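Next come structure tokens for two forms of one protein chain, structure 1 first, structure 2 second.
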Structure 1
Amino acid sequence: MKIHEYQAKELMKARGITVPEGRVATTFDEAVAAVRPLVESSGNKVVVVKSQIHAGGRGKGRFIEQPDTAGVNVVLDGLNGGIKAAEQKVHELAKKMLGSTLVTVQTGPEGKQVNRLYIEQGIDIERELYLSIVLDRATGRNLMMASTEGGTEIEEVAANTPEKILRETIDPAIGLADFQARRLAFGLGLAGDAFKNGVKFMKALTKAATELDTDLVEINPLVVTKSGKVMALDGKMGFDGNALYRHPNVVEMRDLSEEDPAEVEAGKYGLSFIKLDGNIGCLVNGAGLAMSTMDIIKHEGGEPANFLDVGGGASTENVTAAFKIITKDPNVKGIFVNIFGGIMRCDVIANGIVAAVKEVGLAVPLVVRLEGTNVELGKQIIDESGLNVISASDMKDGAKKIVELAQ
């Protein structure tokens, strides 16, 4: 699960991690009202207006409706014109940004609508660094990565100057040890107050990541100010979906408007669903089989409309819901049900399909391949339902048939 930058900063601030002061705004008035208290409390007449969407690259992003406006804007008007001038500029920007569609390298060409802005105090930046915590699958431990190349995509740094990425593996029994934090801080060339603050920042961030069950924390840039403070100028946090049950406060931060409606609907029924661009709907059990069902459809010259894993514990109702989600997509010209029952029983799948078709009808060809637990019972249910179902002997046969029928 992802959250917005301002929410990540709230979580960090509550855990003793230094972040700039800011206020979230969903209207022009709220955006303007944020300026005065920020300027007064920070003493800095510069404010920054940042689009809040679940995608990176906002600074370089542009709005479809306002091609000259960036996703993140530094407002300098207060320096000479005072608070009034700053407020006027923020109002102008908010009008252009709120409700408009921001396109960044991560949103795809269709972009994402900006419904919230984050108004933040300006910072006297001396250096921009990079810091993140991710899972290292090879060791089965979390890893802190740091780099002097802040503000740049870390993928780029890894490709061009991999020696500039410093790594420390975090022992779950200890956390990030002091000496590890020092090693990173020295590696980043920090000194004096910045060194002390950097060490403190890294230790607090590690603690927060563990406490919150994040699957990714990325601070890019991590900035050193002219007065030696170390703070998160940007903050990205993702959470381990398996651990959300123990973080109700994080779940509350979920912004459903940032997610695909079909994926949200699927989630309610415990289905793992990803919308794709093709025209063949897939209903499969097991992530590996679901992925390779997409592969084999492509192999036979078709294009999958979705990834859908009904999981092992699905009930007839869940299968019915899955079928409905697939048929809702107007691009779908055929459906391929591919089941190898283990924990999932073929009769449950068959009952779910029959129930769904009775409810919503069947306007496109349906190819069903059943194998595994209770396969005979499943086939019998489908046969006796009188539905117009084409059965397949194995997954290649099924993929061939559906690709032909969907043309």
Structure 2
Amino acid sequence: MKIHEYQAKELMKARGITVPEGRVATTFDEAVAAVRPLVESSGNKVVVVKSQIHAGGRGKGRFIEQPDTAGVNVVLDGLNGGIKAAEQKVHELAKKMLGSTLVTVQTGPEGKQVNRLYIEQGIDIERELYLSIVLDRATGRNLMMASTEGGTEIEEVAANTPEKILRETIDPAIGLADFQARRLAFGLGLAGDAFKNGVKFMKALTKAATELDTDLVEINPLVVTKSGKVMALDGKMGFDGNALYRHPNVVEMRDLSEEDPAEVEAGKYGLSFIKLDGNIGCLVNGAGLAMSTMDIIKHEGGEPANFLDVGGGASTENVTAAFKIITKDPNVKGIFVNIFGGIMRCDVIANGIVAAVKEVGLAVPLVVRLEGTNVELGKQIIDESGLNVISASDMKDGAKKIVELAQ
């Protein structure tokens, strides 16, 4: 699960991590109302208007409706009338940004609609750095990464200058050790107050990542001010979905408008669903079998339209919901049902397919491969349903048939 930048900064601030002051706005008036208190409290004549979407690269993004407006805009208050001029400028920008579609390197060409803005105080920046904590699945531990190349996408740094990425593996029993934090601070070239504040920042961020069960915390840029402060100028957080039951306050931050509607619908039924770019819908039980099914579809020259695991204990209702979700995708030109019935019974799958097709219809080819518990009953249910279903003898046969039919 992801959250917005302003929400990540709320969580960081509550844990003693330094962030700039800011206010979220969902209307033009709220955006304007945020300017004066931010300027007066900070004494800085700069405020920043930031689009809030679940994607990186906003600063380099572009609005489809407003191609001259970037994803992040700096507004000077000291020009042509002080704060009033800034308020007017913020109002103009908010009108352009709210409700518009922002395209970045991470959204894809379709972009994401901006429904929230974050109005933030300006900061006197001396240096921009990069800092993140990511779950290293190879070791099962959090990994802190730091770089002097703040403001640059970390993928670019890794590809062009990998030696500039510093890494420290975090022991879950003790957290980030003092010597590790100091080693990173030295590597980033921090000195004096910035060194002490940097060490403190890294240790606090590590503690927050552990407490919140994050799988990603990324601060790009992490800035050093002229007075030696170290603060998160940007902030991104992602959380382990399996641990969210421990964090009801984080669950409340979920923004369903930022998520794929099909994935949200699948979650209501306990289905593991991820939308992909292909044209062959997959309905499978078990994550391993689902991955194998997608692989064999690609091997036969096709492209899967989704990952969908109905699980081992799915009911007819769940299977019906899964089938509906697949058929709602206009890109789907064929559906492959591949079930190996162990805990999941083939007759339950068959009843779900029949119920779903009778309710929503079947406008694309359907290939079904059933094997395992109650397989004969499952096949009988489908055969007696009168549905136009193509049977497959095994997984490879099913993949080959659906790829041919979808073309």
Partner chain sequence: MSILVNKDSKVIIQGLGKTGYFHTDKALAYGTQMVGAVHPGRGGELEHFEGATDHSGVAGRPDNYSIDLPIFNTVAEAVEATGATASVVYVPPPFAADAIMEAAAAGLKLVITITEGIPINDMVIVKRYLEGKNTRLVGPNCPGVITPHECKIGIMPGYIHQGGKIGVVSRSGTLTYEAVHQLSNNGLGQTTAVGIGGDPVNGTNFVDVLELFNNDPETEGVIMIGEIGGSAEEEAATWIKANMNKPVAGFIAGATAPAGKRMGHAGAIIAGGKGTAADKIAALESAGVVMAPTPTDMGSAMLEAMKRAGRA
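The first residue in the sequence of structure 1 is number 1, and each one after it adds one. Take the two forms, find the largest set of C-alpha atoms that superpose within 1.5 Å, and that set is the rigid core. None of the values given here were measured: they were computed from a predicted structure.
Q | Index of the chain form predicted in complex with the partner chain, chosen from the pair | A | The form predicted in complex with the partner chain is shown as structure 1.
**Q.** Co-assignment to one rigid part between structure 1 and structure 2, I83 and L216
**A.** They share a rigid part.
Q. Expressed in °, what is the rotation of the smaller rigid part against the larger between structure 1 and structure 2?
A. In whole degrees, the smaller rigid segment turns 12.
Q | Shift in Å of the G386 Cα between structure 1 and structure 2 [rigid core superposition] | A | Here G386 registers a C-alpha shift of 4.4 Å.
Q: Could you tell me how many Å the Cα atom of G301 shifts between structure 1 and structure 2 when the rigid core is held superposed?
A: Its C-alpha moves by 3.5 Å once the cores are overlaid.
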